[in-house]
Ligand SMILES: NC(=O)c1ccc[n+]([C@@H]2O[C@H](COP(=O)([O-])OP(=O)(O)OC[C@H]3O[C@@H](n4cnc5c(N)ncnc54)[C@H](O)[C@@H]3O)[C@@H](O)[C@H]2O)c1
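Single chain ahead, written as C-alpha cells, the form predicted alone.
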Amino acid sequence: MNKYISRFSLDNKTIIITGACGLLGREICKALAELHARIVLADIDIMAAEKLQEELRDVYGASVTAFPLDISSEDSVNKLVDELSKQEVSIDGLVNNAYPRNITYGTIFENITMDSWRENIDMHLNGYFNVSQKIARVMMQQRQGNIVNITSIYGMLGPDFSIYEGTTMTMPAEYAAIKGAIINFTRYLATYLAAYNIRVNCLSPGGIFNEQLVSFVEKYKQRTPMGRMGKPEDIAGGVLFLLSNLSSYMTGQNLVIDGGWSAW
C-alpha cells in the first residue's frame, strides 16, 4: 500500500553534504531534515555550519552534525572520514555540492592566467575527485552507497552570452570546463562502482535566482520556456529523488533541472 512512500524514505540514512551552507546546500539540508535523514554538514565555514546545525535541530528536530571541510585538502577529507568511522556511522549518501573558487575567478576568458586556471581546476574539479575517492572507499567496504554530484547546464551547453550584456557578469570558462568534466567523471564512477552496489548520478541546474541584476533576470526569464529562474527548492527535490530508492535503477545519469532552457 505504501510501496512508493517507503522507497522515498531517507529515515536514518547518513548523508554528507559538501558546501552545506551555500545557496543550494542549505535547501538540500532542509529537505533532508524533513525526510529524517542524518545530516553531515561539511563546509569550509565551520561557524556557518554550526549555525545551520542549530537551525535544523530547532526547526526540524534533525539529527545533524557540522564538520569543517576543505574539499581540496586530503587531510581535511581524511579527518571527516576518520571521525565518522570513530562514530561507527555508515555513509549512505554523499552530495558533492561545494563551489570553491579563487579571488580572480570570473575573469573574462582572454585575461585568465594559467596559474588562476590551474588553481580553480585544482580546488573544484580535483576537490570533487578527492571527496569522491575517499568516501567511495568507505562505501565499497560497506557494499552500498549513493553519490550525487552537482553540476550545471553549462557543463553540457555553451553559454548564451547575450544575457550578460550590460552587466559585469559572465559565465566563467573554468566553470564550464570543471562542470563538463564532473559530468563525465560521474559516468566513470557509475560504471566503476556499480559492482559495489554504489550508484552515482549528477544533477545539472539551470540558473538559480540569487538577487541578480533585474536586467539579467529578465533576459534569463525570456530565454527560458518556463519563464522564470530556478529556486533552490527546485533543485533540492531532484537531489532527494536521486538519493532515494525511487531512483534505484538509475546510475551514471545527468538529471537536468532548468525550466526547459536546454530544450530550445
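Treat the numbers as computed from the prediction; the structure is a model and nothing was measured. All residue numbers are counted from 1 along the displayed sequence.
We do not show the form predicted together with the ligand, though everything after this point is about it.
Residues with any non-hydrogen atom within 4.5 angstroms of the ligand in the model of the complex fall in just one of 57-65, 193-201, 44-52, 31-39: 44-52. Among the residues 151, 120, 132, 186, the one placing a heavy atom within 4.5 Å of the ligand in the model of the complex is 151. Heavy atoms of residue 24 reach within 4.5 Å of the ligand in the model of the complex, making it an interface residue. For the chain shown alone, residue 97 is a contact residue for the ligand in the model of the complex, at least one non-hydrogen atom being within 4.5 angstroms. The ligand is not drawn, but in the model of the complex it has a heavy atom within 4.5 Å of residue 175. Contact check for residue 234: no non-hydrogen atom falls within 4.5 Å of the ligand in the model of the complex. Residues 205, 206, 207, 208 of 192-230 are found to place at least one heavy atom within 4.5 Å of the ligand in the model of the complex.
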